[in-house]
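There is one chain below, alone, in structure tokens, taken in the form predicted on its own.
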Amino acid sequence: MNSTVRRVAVLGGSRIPFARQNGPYARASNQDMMTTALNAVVEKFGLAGERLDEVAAGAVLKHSRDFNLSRESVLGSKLAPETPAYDVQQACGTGLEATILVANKIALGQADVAVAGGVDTTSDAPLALNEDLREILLEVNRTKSNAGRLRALAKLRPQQLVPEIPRNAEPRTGLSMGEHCAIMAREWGVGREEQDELAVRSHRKLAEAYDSGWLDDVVVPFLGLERDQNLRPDASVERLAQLKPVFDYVHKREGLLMAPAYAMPRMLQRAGIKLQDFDFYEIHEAFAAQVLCTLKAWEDERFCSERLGLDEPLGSVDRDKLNVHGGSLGAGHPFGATGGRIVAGLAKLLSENGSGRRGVISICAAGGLGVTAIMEAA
């Protein structure tokens, strides 16, 4: 057994532009999109016909037919069909968690070359049956006689034919992630203006990355879209101030999306480094308030003492090093795809800035989860 832990390299990545719900990708499936992005990686690195050790990826919203989504995407790609693949799902942390999984296998010598990623579409979200209708259909399936089946079907009522639309809500609270984020904003005193300022910065930084050609070798066109459709290059604080808030403040327990505030110090302690020891910070912008609350928590002496058990605050993050090419507020956030976007972008950023540079990733996820990672330039 090889006990040597090997260094793992991120060679690069590709993605398709992110689109708005029911827009250009309205009829595209998760498999269509994942296969396109996978083929872009194959072409980029000359992998056509090659057997890789594995592909790990996944989606949060997927149909039952997509139980083997990553494997089917591999079979539809130009990779050798012998390439094994499996699905990963950890809400918004899916793409980063998939990357960590394959990286760990490479580090332990269980694999040499692998691809990680993720995908999601809300335009093709699965619709669930009304629970009463589901029970009736199961009864029909169990019943042996035609008369029995007719008796079961006679129980149907018009309201039972209405499907259940997927909701972005936590099962334990019934609140959406946005409502949970509103809790955080209230508790941490994060105002509208500073949220708008962060959002504007995200849009403008992403627009600059496109205009400068920085994303030319990362984003591949798909179904007529060449840039993230959510991007608003002309965004301004004044314009955003005119928009009505989507979520109002509510009174409940601590916000769901604070998990990265807890995950980060644990990772830093294991690595033996400080929060300020990074050249770049990639913090997933689930909401502007989520980022701002997390940053405030790391600076807060009481939070770091009582909640994190630290002798002193983690400290502040240099905003000039934060999401330097824009983030999820500008690009959009297809749940399973965000981790791959961030990992590929940070890898390129570190490579361009020379050996020894270091970056950190922080992603909040549904269920009160936080996924973090450290990357270094070789």
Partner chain sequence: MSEERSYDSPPGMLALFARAGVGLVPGASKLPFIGGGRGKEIPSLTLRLSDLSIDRDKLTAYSRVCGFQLSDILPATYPHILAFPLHLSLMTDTSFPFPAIGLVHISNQITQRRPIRADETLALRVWATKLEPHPRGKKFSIRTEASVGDEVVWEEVSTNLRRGGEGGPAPGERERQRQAEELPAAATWRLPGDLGRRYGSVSGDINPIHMHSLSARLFGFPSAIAHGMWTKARCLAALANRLPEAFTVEASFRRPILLPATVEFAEAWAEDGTARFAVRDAKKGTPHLDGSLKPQA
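Residue numbers count along the first chain shown, from 1. Model, not experiment: these values are computed from the prediction.
Below: the form predicted together with the partner chain, not depicted.
Student: Can you pick the stretch from 209-217, 288-296, 74-82, 234-242 whose heavy atoms fall within 4.5 Å of the partner chain in the model of the complex?
Tutor: The contacting stretch is 74-82.
Student: Within 4.5 Å of the partner chain in the model of the complex, heavy atoms considered, which of Phe303, Phe247, Phe222, Trp188?
Tutor: Looking at the other structure, the residue within range turns out to be Phe222.
Student: Just one of Leu47, Leu61, Ala28, Val324 has a heavy atom within 4.5 Å of the partner chain in the model of the complex. Which one?
Tutor: Result of the distance check: Ala28.
Student: Quick one: is Ser351 in contact with the partner chain in the model of the complex, heavy atoms, 4.5 Å cut-off?
Tutor: Because no heavy atom of Ser351 falls inside 4.5 Å of the partner chain in the model of the complex, the answer is no.
Student: Does Ser328 reach the partner chain in the model of the complex, with heavy atoms at most 4.5 Å apart?
Tutor: Contact with the partner chain, no.
Student: Would Asp53 sit within 4.5 Å of the partner chain in the model of the complex, counting heavy atoms only?
Tutor: Output for Asp53 is no: heavy atoms all beyond 4.5 Å of the partner chain.
Student: So which residues in 33-62, when you check the partner chain in the model of the complex, have a heavy atom no farther than 4.5 Å from it?
Tutor: If the 4.5 Å heavy-atom criterion is applied to the partner chain in the model of the complex, 33-62 yields Thr35, Thr36.
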